[in-house]
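Presented as structure tokens, the chain that follows is alone, the form predicted alone.
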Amino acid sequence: MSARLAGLALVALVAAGCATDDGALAEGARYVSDADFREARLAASFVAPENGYSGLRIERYGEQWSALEPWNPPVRAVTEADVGAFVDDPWRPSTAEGGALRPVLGELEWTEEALLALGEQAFERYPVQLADTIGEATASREALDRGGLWVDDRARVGGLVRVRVADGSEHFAVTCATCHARTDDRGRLVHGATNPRFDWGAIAYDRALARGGDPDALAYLLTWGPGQVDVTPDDADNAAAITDLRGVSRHRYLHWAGTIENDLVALALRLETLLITSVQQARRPPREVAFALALYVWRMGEGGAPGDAASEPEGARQFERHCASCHGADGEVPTPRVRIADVGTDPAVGESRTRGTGFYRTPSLWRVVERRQLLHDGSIESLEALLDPARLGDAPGHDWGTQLDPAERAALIRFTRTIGAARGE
């Protein structure tokens, strides 16, 4: 850690403890305007400063990344009308009929209402990464389906946008909504819920194969599977499940390996640095966008209620006996992280030289009823499967609760499914 960041970290530890809901806007304003504040909070957030993720940010966040130009490009949502339209000329500008391109950030009043509106816009429209690879999955409806890209009730496709860059050409890009949203049974977009069908690995495989790639050399892409992405540039195949964002404010740590101590400013810094590294460190997002996006994500889990012990008393008793030491029935995490050896699941992500800490983050169970992939590697598809002792041979680890008899397991599952859910779900 640089001497300056090390010194500022002590200041940040005090400041982080003082943040309240009433002070969120003030903290955000300070994050936007105060470089020393940002750097101090960044330094204080790292759990393992020696790993690759932390080290890169410690080295470059200050003068190097701060000097980058803010990037607020013109964008528009990709829609059903664009399916098949860019096969022959993927970089052509949009026509008037295709929709006007406009930046995400315009005039901004520093109020909660305006920031949440900007955060919602950024979630759906701010380009996280230029991704012409994924754009090729819009060549046909069949390609959309193979890639797991949704079409919502407003005809938008997979959270993809078209982005105009400096030379006037346009590119496909992914947004937060590409991975962290899915449609409900009416086609309405549910922000924060993971898209368990999104298969970036299969899309990348198809594109590379079409360009003459070696199937054997590309086979690792098919190991990712739907709902998983390998985000650790550590020369290892260690894809992780896409996180349901609706419990983020209840997590004590960010990333499956618990790389970052979590709070609202830490989340804004995590998003800002993600958006810098995803464009090869060439540009940075406007910090107003990064903070608004963090605030919007932070508030995603406000709906729902704690576990319904009144309706499921036996399940609540089993939960208290077998689960509550790590997972709160209110969505909190009393034990915020667990040593890899203790949880017993695949250690690859937690031991990665890029993000490894020796631990796995304890996930909040808020709205777990809607998740389709459990554990850090997404290897378990349901609570029923998680608690079934028969799965331990094929998917070992996290054996808590598997020793219960069938009636106890059923009661525990019924109660756990009420955590964070609206009553009646």
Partner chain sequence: MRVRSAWVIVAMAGAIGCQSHTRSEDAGPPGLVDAGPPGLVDAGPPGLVDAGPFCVLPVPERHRPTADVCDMTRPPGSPSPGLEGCTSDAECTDGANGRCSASRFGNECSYDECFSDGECGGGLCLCRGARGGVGSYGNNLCVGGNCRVDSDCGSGGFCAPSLGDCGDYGGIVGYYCRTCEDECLNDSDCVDPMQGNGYCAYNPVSARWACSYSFCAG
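Owing to the predicted nature of the structure, the values given are computational and were not obtained by experimental measurement. Positions refer to the first chain, counted from 1.
Below, we refer to the form predicted in complex with the partner chain, which is not included among the displayed structures.
- Query: Can you pick the stretch from 327-335, 188-196, 153-161, 201-209 whose heavy atoms fall within 4.5 Å of the partner chain in the predicted bound form?
  - Reply: Going through the listed ranges, the match is 201-209.
- Message: So, P93 and the partner chain: in the predicted bound form, are they within 4.5 Å at any heavy atom pair?
- Response: Flag for P93 set to yes.
- For H251, is any heavy atom within 4.5 Å of the partner chain in the predicted bound form, or not? Output for H251 is no: heavy atoms all beyond 4.5 Å of the partner chain.
- Even though the partner chain is not shown here, does A100 get within 4.5 Å of it in the predicted bound form, heavy atoms only? Answer yes; at least one heavy atom of A100 falls within 4.5 Å of the partner chain in the predicted bound form.
- Message: Is R246 part of the interface with the partner chain in the predicted bound form - any heavy atom within 4.5 Å?
- Response: Result no; R246 lies far from the partner chain in the predicted bound form.
- If you check Q121, T183, T79, Q281 against the partner chain in the predicted bound form, which one has a heavy atom within 4.5 Å? Of the listed residues, the single hit is Q281.
- Query: Of L375, L68, V369, V32, which one comes within 4.5 Å of the partner chain in the predicted bound form, counting heavy atoms only?
  - Reply: None of the others qualify; the residue that does is L68.
- Determine the residues of 36-60 with a heavy atom within 4.5 Å of the partner chain in the predicted bound form and present them in sequence order; the list may be empty. G52, G55, L56, E59, R60, in sequence order.
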